[in-house]
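One chain comes next, on its own, written as C-alpha cells: the form predicted on its own.
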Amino acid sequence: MRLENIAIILVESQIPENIGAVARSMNNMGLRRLILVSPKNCDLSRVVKMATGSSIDIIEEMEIYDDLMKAIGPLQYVVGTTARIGAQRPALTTPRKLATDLVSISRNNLVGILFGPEDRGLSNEHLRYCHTIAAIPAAEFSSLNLAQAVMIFCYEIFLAAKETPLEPTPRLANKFELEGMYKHLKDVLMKIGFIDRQNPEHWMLNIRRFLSRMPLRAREVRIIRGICRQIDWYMEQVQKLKVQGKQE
C-alpha cells in the first residue's frame, strides 16, 4: 500500500476544530494528504488548536477546493462514507474490508475517502461519484464524531499497509474520464429510449453501481465511449433516412 496515494476529503465541514482533529488522526496513522471541499468555516486559529505538534504540517499542506469534481477529478478511486443506509445508499463495504482492498488499489492509483458535513453527512449527489460506499459497523446509535470516523478508517488503513499485495491493481480511469463517459452514456441511452428522460439519474445510478463493481481502466472508458459514438452515428443515419423518406 502507498499511504501517500490516499487522501482524506472533508466535504462542507462546519467545525474548524474537527478539521484539526482529523489532521491529528491522520498524522497518528501515517496519512498526510488532507483535502477540504467548500468548508463552511476554516478558521485556522481554531483548526490548529486541535492539530497539535507535527499535525500542523498536514494543515499547512492541505488542499482546498470550491467544487467536489475539481477535488476528485484526478483521482482513480473514490470512496464515500455514510452512517445512513438505504436503497439509494447501500453499504457496500466496511473500513476493514476497504483497507484490505486499498492495499492493491493504492499502489498505482490515487484514492480519496469522502466524509460529509457533521450535521447530515454526504448527500446522494455526493455518493453517486463514488466507486463504493463504506459504513462503520455500530450498535443502535450509529452517528460518530467526524474525527472519530476518520480515525477508524485511518487505523484500518495503517494496519493493512503492512500487507503486501499479491498483484497491484493497474492504473484506473480517473473521475474526469469516468464522468465524461457517464454523461456520454446517459445522453445515448436517452436517445435510444433505454432510460426514462423524466428521471435519468435514477437509472444511471444503477448503471454506475454496476460498472463500479469492476473499476474501469482509461482504455476501457475509451472503448465504451467509442460504442456510444457509434450508436450516435447510427441514430443520425436512421434520422436522415426518415427525413429522406418523408421528402420522397
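Small disclaimer: the values here were computed from a predicted structure and weren't measured. Residue positions are given as counts along the sequence shown, with the first one as 1.
Keep in mind the form predicted in complex with a further copy of the same chain is missing from the figure; the text below concerns it.
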Quiz prompt | Options 95-103, 74-82, 173-181, 121-129; stretch whose heavy atom lies within 4.5 Å of a further copy of the same chain in the predicted complex | solution = 95-103
Practice problem: Answer with yes or no whether Leu205 is in contact with a further copy of the same chain in the predicted complex, where contact means some heavy atom within 4.5 Å. | Solution: no
Quiz prompt | Non-hydrogen atom contact Gly193 with a further copy of the same chain in the predicted complex at 4.5 angstroms | solution = no
Quiz item: According to a 4.5 angstroms non-hydrogen atom cut-off, is Ile133 in contact with a further copy of the same chain in the predicted complex?
Solution: no
Practice problem: Consider Ser25 of the chain shown here, and say whether it contacts a further copy of the same chain in the predicted complex, taking contact as heavy atoms within 4.5 Å. | Solution: yes
Quiz item: Within 4.5 Å of a further copy of the same chain in the predicted complex: all of Met29, Ser54 and Tyr155, by heavy atom?
Solution: yes
Quiz item: So which residues in 116-144, when you check a further copy of the same chain in the predicted complex, have a heavy atom no farther than 4.5 Å from it?
Solution: Ile136, Pro137, Ala138, Ala139, Phe141, Ser142, Ser143, Leu144
